[in-house]
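Quick setup: one chain, the form predicted alone, written in C-alpha cells, and binding and motion questions come after.
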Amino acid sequence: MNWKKQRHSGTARLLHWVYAPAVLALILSGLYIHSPSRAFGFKRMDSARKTHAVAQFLLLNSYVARICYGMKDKNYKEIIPNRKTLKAMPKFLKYEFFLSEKKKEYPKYNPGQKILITSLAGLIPVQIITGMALYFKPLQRAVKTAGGLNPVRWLHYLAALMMVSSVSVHLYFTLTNSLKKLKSIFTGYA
C-alpha cells in the first residue's frame, strides 16, 4: 500500500488560502495608495482603499486564527526556529547558493522556511499596528503627539517592502522544493 502522509491539515490550508490573497491584495493596494500607478491593478484611489480595508480585515482575522490554531494544535513548534535550526543554517545556505550539491531532507520546513515564516509572523503585527495608527482618527491624534504620522507611514511602508521580499523568498523556496510538497498546500498530502 502507498499511503500518503498528511503534511498540512484542512484548517492550516484554509487559513493559508485566506491570508495569501489578502497579503497580495494588501501589497498591491498599499503600493497604489503610496504611489498611484495602474501597474498595481487599480484605476482609482477609492477602490484601492476599499480593497486595502477588506484585505486587512481578512489578514488580521486569519492571522489571529492561525495563532490560536498553532497554540491549540501545538504545530507552532514545527515553524519557530530553534538552536538546531540555526546550526543547520550554514549547510542549508550552502546548498541554496549552489555551493554544495548535497541536499538535506528536513521533517517539514527547512531552516530558511522557518526563519522566513517566523519573520512574516513578526512583520504582520507591525503592519497591523502601524496601519491602524494611520487609519483610525483617535490613533492618528495620539501618533501626532508622539512624533507625527510620517515616521509611522515610513515604518508601514518599510515593513511592506520587507513583506514583499519575504513573500518572494517564500515563493522561491516553494517553487524550487519538491512538487509533492508544493501539492500538499492544495491537497494536504505529500
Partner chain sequence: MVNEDVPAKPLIIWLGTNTCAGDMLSLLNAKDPGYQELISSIAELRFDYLLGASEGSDAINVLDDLQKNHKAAYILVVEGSIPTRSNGLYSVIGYRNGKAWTALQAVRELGAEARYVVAAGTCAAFGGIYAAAPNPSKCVSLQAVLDRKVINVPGCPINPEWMMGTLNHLIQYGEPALDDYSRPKLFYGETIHNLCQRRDYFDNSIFAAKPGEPWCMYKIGCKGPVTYADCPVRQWNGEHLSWPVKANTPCIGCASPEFPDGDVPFFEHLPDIKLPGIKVTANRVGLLTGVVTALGIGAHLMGSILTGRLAETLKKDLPGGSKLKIRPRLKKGHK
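Positions refer to the first chain, counted from 1. Keep in mind that this is a model prediction, so the values were computed, not measured.
A second form of this protein, the form predicted in complex with the partner chain, is not displayed here; the remarks below concern that form.
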query	finding
Heavy atom of Phe57 within 4.5 Å of the partner chain in the predicted complex	no
4.5 angstroms heavy atom contact with the partner chain in the predicted complex for Val169	yes
Asn61 within 4.5 Å of the partner chain in the predicted complex, heavy atoms	no
Distance check, Gly148 to the partner chain in the predicted complex, heavy atom within 4.5 Å	yes
Residues in 78-95 with any heavy atom within 4.5 Å of the partner chain in the predicted complex	Tyr95
In the predicted complex, whether the C-alpha atoms of Gly122 and Ala146 sit closer or farther than here (change of 3 Å or more)	closer
Pair Gly122/Arg141, Cα separation in the predicted complex versus the displayed form, closer or farther by 3 angstroms or more	closer
